[in-house]
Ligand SMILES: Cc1cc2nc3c(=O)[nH]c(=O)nc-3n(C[C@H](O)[C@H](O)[C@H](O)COP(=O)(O)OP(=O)(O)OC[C@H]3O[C@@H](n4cnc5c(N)ncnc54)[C@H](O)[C@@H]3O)c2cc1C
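Here we start with a single chain on its own, the form predicted on its own, put down as structure tokens.
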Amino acid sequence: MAERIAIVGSGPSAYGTLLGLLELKKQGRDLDITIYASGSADQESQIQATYKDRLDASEINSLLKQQQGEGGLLPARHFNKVPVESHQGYEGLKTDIKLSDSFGGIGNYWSSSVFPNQQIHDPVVAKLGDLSVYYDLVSGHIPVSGRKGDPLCRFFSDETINQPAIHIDPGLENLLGDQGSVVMGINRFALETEDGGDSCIACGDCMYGCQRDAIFRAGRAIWQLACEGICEIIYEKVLHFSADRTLRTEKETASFDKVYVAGGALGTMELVHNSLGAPTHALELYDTMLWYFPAFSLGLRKMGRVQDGIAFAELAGGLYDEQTPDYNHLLISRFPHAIMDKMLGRSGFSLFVSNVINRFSVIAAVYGSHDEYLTYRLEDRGAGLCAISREKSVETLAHHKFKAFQSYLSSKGWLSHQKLVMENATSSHYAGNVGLAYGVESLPETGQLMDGVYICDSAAWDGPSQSQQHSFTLMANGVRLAVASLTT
């Protein structure tokens, strides 16, 4: 008789968990898998039917109007014209935590970073254990673009690459290198770059949601597996689970042999809270800090027009200290036209300004290390789990870190200044402390919250992660937990 398995969620963690279960099915395990997902049954088929190469100016301006007043350097990401919403904190507290109740979750909007940096010490990844084999397994199911043998091979294995590198402008080539504490190479994306109908066409609209679906989305992959009859999707939000592994939605209850909760950090924490009640210690959500600053060329570079490239994070690398476990992830891109769109609206003038700026400037991003993060304390004050406070672990990017990156840029012919550093509202790299809050110290390693119930996403990480392969790590960890829970 088949074992009845439930996965709650439809994003990267859920997809990784599903991949782990499918590996066991290949080995002869009889599993009946049900996915519980927010959204509607026809959402994915509607998305598949409505692709077009670009959003026109009126559509972009409509999206920008919806997001008027949102924090952050860039507009909120959209997919199929559905906006990402911001979590509302208690009594008007601004949180900038991004949420989505659509099928696939916030992974629809950017789940593209692929950096299996096992060489870099990360306290969270250290808790999870060696994920190398699981990174490799996931990369066999998703597109991974990159240039083999470039400077990033110092950090990231070339074995995961199965797609050509994205095209970068000649003006950015001189920024590649390995010098002192800084390494820069061509970014590695979960992105389809092989020629074809669903390939990236470098339209530059990444920040509004890829209209050709070239960027990997876990929701699409889950939907395709369901169409093949490998699993069943129930489009209902799970409201509660019990000790006997019974799930309750607004319409039904159902019991399972194993339950894997992968609803996103905040969604999973809310579901656990609704199911187990108030924790013994405070619930906290972490968000890695992120800073931007421009760098200016000493001479005009031969760069193309911004809308002719991916326009988001073409280069990636690391700032590290070999004497300590401290690591910051770095991104460099041309000035995304979305920035000018936010200020001027999508128009010929905003594109003209973007193209002029991109003749002599780039935008650099520095992600916080494991000790540079935001903390949101969560409580239920009568209207569901919400943030009641927001605290920073640091006020700004450390001077010595900026100087190290500035020195590297200067050696390549680019100027920058720390007074131009801007803090972004969110990095959307969320993690939670469900294990510590509910007294389950082994939760990151085992995922088991109670008998037969496993937490498979970053809600169980018990601390902020400096790991900027966030979605890739979520998927790899989901595989790990699914396999371990059914073979031990």
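One rule holds for the numbers: they count along the sequence shown, beginning at 1. On a predicted model such as this, the values are computed, not experimentally measured, just so you know.
This protein has a second form, the form predicted in complex with the ligand, left out of what is shown; the following refers to that one.
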Is the gap between G20 and the ligand in the predicted complex 4.5 Å or less for some heavy atom pair? no
How about N358 - does it come within 4.5 Å of the ligand in the predicted complex, if we only consider non-hydrogen atoms? no
Considering non-hydrogen atoms and a 4.5 Å limit, does the ligand approach A482 in the predicted complex? no
How about A476: is it within 4.5 Å of the ligand in the predicted complex, going by heavy atoms? no
Within 4.5 Å, heavy atoms only, which of T288, T95, S112, N328 is in contact with the ligand in the predicted complex? S112
Exactly one of V125, A316, I106, I142 comes within 4.5 Å of the ligand in the predicted complex through a heavy atom, and that residue is I106
Does the ligand, in the predicted complex, lie within 4.5 angstroms of each residue among L283, Q448 and A460, using heavy atoms as the measure? no
One stretch from 60-68, 439-447, 423-431, 24-32 that, in the predicted complex, holds residues within 4.5 Å of the ligand by heavy atom: 423-431
Only counting heavy atoms and a 4.5 Å limit, does any residue of 1-30 reach the ligand in the predicted complex, and if so which ones? V8, G9, S10, G11, P12, S13, A14
